[in-house]
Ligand code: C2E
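Read the single chain below, which is given as structure tokens and is the form predicted alone.
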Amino acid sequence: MNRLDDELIQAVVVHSRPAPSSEVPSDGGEAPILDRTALLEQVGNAAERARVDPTYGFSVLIVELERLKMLVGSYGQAAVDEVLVEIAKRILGLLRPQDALARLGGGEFAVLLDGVHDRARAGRVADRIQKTVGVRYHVQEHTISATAVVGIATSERTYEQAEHVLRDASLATSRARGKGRRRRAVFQTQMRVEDTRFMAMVSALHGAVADDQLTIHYQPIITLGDGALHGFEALLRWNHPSLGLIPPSEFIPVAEETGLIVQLGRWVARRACKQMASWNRSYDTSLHVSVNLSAKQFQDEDLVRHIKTALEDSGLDARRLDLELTETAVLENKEQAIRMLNAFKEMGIRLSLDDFGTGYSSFSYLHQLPYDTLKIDRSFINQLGGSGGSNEIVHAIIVLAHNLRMSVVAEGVEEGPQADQLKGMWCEYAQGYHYARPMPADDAEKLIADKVRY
């Protein structure tokens, strides 16, 4: 048992209990805090009782502290350990003596609710736990905001093994995490099927990296003023040997969740920089290449170094590399992201804010970050020429960007009239199926060689 677990056990003795939940009324005394082995024993006993007694039931909740790695990186392990001790106290304050709490490791806790097998009741307890955990903690001269996701498994299903209960609660936690911050989810059988499919995709994706099944397609970005090529956006594709091209919508979320996106992102940056440097030398051009960065990549301390290496190894002029990022990618770890963005700017790299208009606080942060380009989300472009004020919104975004000395790229341009309207609004660049779909490198090179204008 490690030091933190010892502190958690001591917390049972010294903490002051708040009023317990009305959903799980207290009989007095303290709920125990257990290690994983002891928890499995209690869950196993509860599962056995539920199999023979139709009137009895239980629930297991997994409570996961969100953004654990970011908190440790920002405040240090010691400060986060103090927060975890306080979280344990708070959860214990909601439990009865017949319930139990265990720390599973990292920022994960498991709660056994004895006699509570109704989803609605278990959900209300989960809500109370999230509320009591989701406060500010003052430790070591820091003020740390904590939030949690919760997954729930109930004995409405018959369980033979305690491990299966925790497995299903963990699957529900993953589903809650996928919904966003401060969410909860109750296990459903379909989640198990989806998890099996997910794990198969993870295995296949690792094989794709090892077997060189990945490729890049390039979508042209057009200068609206004269129809010339401005550059390309580099888009990752998976060319499966038997399934053909697998859509990014199927494998990118898997890469994001598993952290494999960091490795894939490095590969894309190296390959795209090398390709664009070769084209610019061969055809005496100064085209740009845009590479997307995800939120996970901003958690990679080596991101700046890897981008710098990609530029140096390829010989690409840093001014011809555009890094595209969404608002969410920055705000999930704002301080570290800003440091990285400033480092990119010092190298001469251009920064683009992708999917502008979809974030809840784009305007409030726009002036604080060193963007060069703003990309208007396709949802606005699709409605150009219709009712609802879309024309006015797009025009206002373009004016705002220009006032902040940014250029503008319109995404998702599908029709000629949209391009004409954008040109009339002094939008500089556009991309979309009206011009070209993403294409293999050979087709993109042909556009360059032929000096195509749209």
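Numbering starts at 1 and runs along the sequence shown. Since this is a predicted model, take the numbers as computed values, not measurements.
Just so you know, the form predicted together with the named molecule exists too; it's not on screen, but the next bit is about it.
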Q. Among 337-345, 288-296, 198-206, 100-108, which stretch has residues with heavy atoms no more than 4.5 Å from the named molecule in the predicted bound form?
A. 288-296
(Q) Looking at L229, V268, L224, V186 here, can you tell me which has any non-hydrogen atom within 4.5 angstroms of the named molecule in the predicted bound form? (A) V268
(Q) Counting any non-hydrogen atom inside 4.5 Å, which residue from P248, G134, G115, G178 sits next to the named molecule in the predicted bound form? (A) P248
Q. Would G57 show up as a contact with the named molecule in the predicted bound form if we use heavy atoms at 4.5 Å?
A. no
Q. Wondering, does R128 line up within 4.5 Å of the named molecule in the predicted bound form on heavy atoms?
A. no
Q) Even though the named molecule is not shown here, does T373 get within 4.5 Å of it in the predicted bound form, heavy atoms only? A) no
**Q.** Contact label in the predicted bound form: E411 to the named molecule, heavy atom within 4.5 Å
**A.** yes
Q) Thinking of L235, I252 and E324 as the candidate spot, does the named molecule come within 4.5 Å of a heavy atom on all of them in the predicted bound form? A) yes
Q: Enumerate the residues of 430-454 that have a non-hydrogen atom within 4.5 Å of the named molecule in the predicted bound form, in sequence order, or give none.
A: G432, Y433, P438
